[in-house]
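Here we start with a single chain on its own, the form predicted on its own, put down as structure tokens.
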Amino acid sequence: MNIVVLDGHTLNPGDLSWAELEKLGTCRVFDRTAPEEVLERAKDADILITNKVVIGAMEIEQLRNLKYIGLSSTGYNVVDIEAAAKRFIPVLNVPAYSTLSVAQLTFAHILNLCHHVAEHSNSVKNGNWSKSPDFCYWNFPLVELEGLTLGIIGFGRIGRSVAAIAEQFGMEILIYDIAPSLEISTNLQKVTLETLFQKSDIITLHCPLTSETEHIVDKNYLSMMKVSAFLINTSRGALVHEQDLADALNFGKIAAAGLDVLSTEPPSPDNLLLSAKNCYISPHIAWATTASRQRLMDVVVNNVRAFLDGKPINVVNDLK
């Protein structure tokens, strides 16, 4: 089997190993692949693995050897799964590998907004503590989490993991999920979206990007938030209307935002959130801990192995 990995760098920039995948066939790994390079690089591929490189109907039609499309991600919007199904090509993804890491970064952003550790450290290094007339100082309000209300939009694996951490901090937890039959434990409260925005001190997004959730955070809902509230997004950038969030931050309608995702990645230099007040942005790293990427690598390999054994798993398209 000829295996081609089109964009392996983000999964494995050099600290992991492709050895287990290489045992399954002749394997070529490209760090990055431009759209115009896909057909040439994948022309002999039986098995094609992509993360963000688009595999559309045209590519699927022209790659006549193709028998398998694997995602090194959970999302599979970059693949035309219906076009693949017409050729009986299974498309496989990797579910749930980054749950703990995303929950961890969610609280990294929350705690950053509570304590501003890096900014205080820079202040100390700039000599401000040495010059202080007192034994301590702080340049920002310091926030304790116990007793505050955390609103979680989306209560799948990651949302539940975030809730478990929040409980350890003694937070009150409100839940909104589009699943009407969602069952939650008795110490959590399921509420309407309006109530969640009105009552939460911190709102964190953990829902998929769909037609129902695109721009779920807009000026209407932002106007319902407390002026002291934080917004956290480690899910998908387009859940947030970026102009509306920038306006809310710049005009003091909410206190701060911690974001790991933007609507376009990498962002344009003129993205309004890059210069918005009290907006802290990390470069889509929630999924990327070493442990999380190793789990991702393991499942990518196991998906291929299961396919070769005639028992494919994690198939996201209907081949019937």
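Residues carry their position along the shown sequence, with the first being 1. Computed from a predicted structure; not experimentally measured.
This protein has a second form, the form predicted together with nicotinamide-adenine-dinucleotide, left out of what is shown; the following refers to that one.
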Using 4.5 Å between non-hydrogen atoms, is S200 touching nicotinamide-adenine-dinucleotide in the predicted complex? no
Is it the case that E167, even though its partner is missing from this view, gets within 4.5 Å of nicotinamide-adenine-dinucleotide in the predicted complex, heavy atoms only? no
In the predicted complex, does T204 have a heavy atom within 4.5 Å of nicotinamide-adenine-dinucleotide? no
Touches nicotinamide-adenine-dinucleotide in the predicted complex: S123 (any heavy atom, 4.5 Å): no
Interface segment, criterion being heavy atoms within 4.5 Å of nicotinamide-adenine-dinucleotide in the predicted complex, picked from 259 to 267, 40 to 48, 27 to 35, 57 to 65: 259 to 267
With the partner absent here, would I178, P208 and A286 each sit within 4.5 Å of nicotinamide-adenine-dinucleotide in the predicted complex, counting heavy atoms only? yes
Pick from Y221, F107, F155, Y76: which has a non-hydrogen atom within 4.5 Å of nicotinamide-adenine-dinucleotide in the predicted complex? F155
Could you work out which of E119, E194, E212, E82 is the residue within 4.5 angstroms of nicotinamide-adenine-dinucleotide in the predicted complex, going by heavy atoms? E212
Using the arrangement in the predicted complex, list in sequence order the residues of 234 to 254 with any heavy atom within 4.5 angstroms of nicotinamide-adenine-dinucleotide. T234, S235, R236
